[in-house]
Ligand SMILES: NC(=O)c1ccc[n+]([C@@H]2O[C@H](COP(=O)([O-])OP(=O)(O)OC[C@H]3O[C@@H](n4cnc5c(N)ncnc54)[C@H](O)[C@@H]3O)[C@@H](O)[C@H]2O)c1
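There is one chain below, alone, in structure tokens, taken in the form predicted alone.
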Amino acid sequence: MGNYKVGIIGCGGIARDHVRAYSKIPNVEIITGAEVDSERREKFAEDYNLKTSYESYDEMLDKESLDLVNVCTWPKTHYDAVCKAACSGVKGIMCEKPMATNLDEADKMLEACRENNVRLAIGHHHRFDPQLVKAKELINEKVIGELVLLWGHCSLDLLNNGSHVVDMINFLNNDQEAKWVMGQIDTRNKRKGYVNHPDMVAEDMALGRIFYKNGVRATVELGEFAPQTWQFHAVGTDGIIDVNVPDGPSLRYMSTDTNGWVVPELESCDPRNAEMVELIKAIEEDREHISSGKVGRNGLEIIMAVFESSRSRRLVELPMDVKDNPLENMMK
């Protein structure tokens, strides 16, 4: 493993999680950060002994020689930050989820990274959660027969926690391509600045139905009236897998070959650390990250298709032509 100098864009709470993850990797050094809030910037630089810090990430990218950049800002800034970082000479970028707030931005981010030979990863660190990794293995081993249905649900909105829910549905289905999406959303409160995404509008409730090219169907539920647990259910022809059971095991399964529920042993893993290690491996092995920009875009397209289905009151076939954000259009 080579030596890697890292710059952080956005020095809030998520950035601190990223720094802790990098601290476990040899030959990786956080050397600088950019943050518009002076008090937060100074505290971050002091806590992590940064050599420099900047108000503007443009200045940071211009003055520093970096190998990796982590984008930990609010979603609407991801597009500009990633594109500028990609043109600055870095080898890899870790961008927090959601990748972008519309498909036009996402496509331009992918193009900038492709043209500059930069590995782009999106911060869907739950792809490394031991219970979800094991659930995927059980599905692929056909422990529950042929996979028929996936159901994921959580609190908050689609571009917030929902970006993780949709990504994990895709992950459990081996990132198969989606063929069509139907969705409905509730926007009664016309929310903006909701929870940790203060620069976005947000729906109150979202329900999406996804049909994949391999025949698997999936349902995602987010918001006020959805089950509030971060939970997944995989239904097969011969059984069921439950992930993150409330007040229960993080993983259990039942099939025609078992006598009741089985709780498998899981390997220990720090998902945040694993996603950073994977970024370095992707660079050194000249391959895509398990949560690459393309993978992030696939999940974003499904979310945008849920919005567009609700807006247009029809089934939306993928790939979709709409490149702006249908939810923002509805809110207007």
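Quick caveat: nothing in here was measured; it's all calculated off a predicted structure. One rule holds for the numbers: they count along the sequence shown, beginning at 1.
Absent from the display: the form predicted together with the named molecule. The rest refers to it.
Peer 1: So which of 164, 153, 252, 136 reaches within 4.5 angstroms of the named molecule in the predicted bound form, heavy atom to heavy atom?
Peer 2: It is 164 that has a heavy atom within 4.5 Å of the partner.
Peer 1: Which of 269, 277, 290, 36 has a heavy atom within 4.5 Å of the named molecule in the predicted bound form?
Peer 2: None of the other options qualify; the answer is 36.
Peer 1: Report the stretch among 138 to 146, 171 to 179, 218 to 226, 196 to 204 that approaches the named molecule in the predicted bound form to within 4.5 Å, counting heavy atoms only.
Peer 2: It is 196 to 204 that comes within 4.5 Å of the partner.
Peer 1: Applying a 4.5 Å heavy atom distance criterion, does residue 96 contact the named molecule in the predicted bound form?
Peer 2: So residue 96 counts as contacting the named molecule.
Peer 1: So in the predicted bound form, does any heavy atom of residue 75 sit within 4.5 Å of the named molecule?
Peer 2: Output for residue 75 is yes: heavy atoms within 4.5 Å of the named molecule.
Peer 1: Taking heavy atoms and a 4.5 Å cut-off, does residue 92 contact the named molecule in the predicted bound form?
Peer 2: Residue 92: no contact with the named molecule in the predicted bound form.
Peer 1: Do residue 125 and the named molecule share at least one heavy atom pair within 4.5 Å in the predicted bound form?
Peer 2: Yes - in the predicted bound form, heavy atoms of residue 125 and the named molecule come within 4.5 Å of each other.
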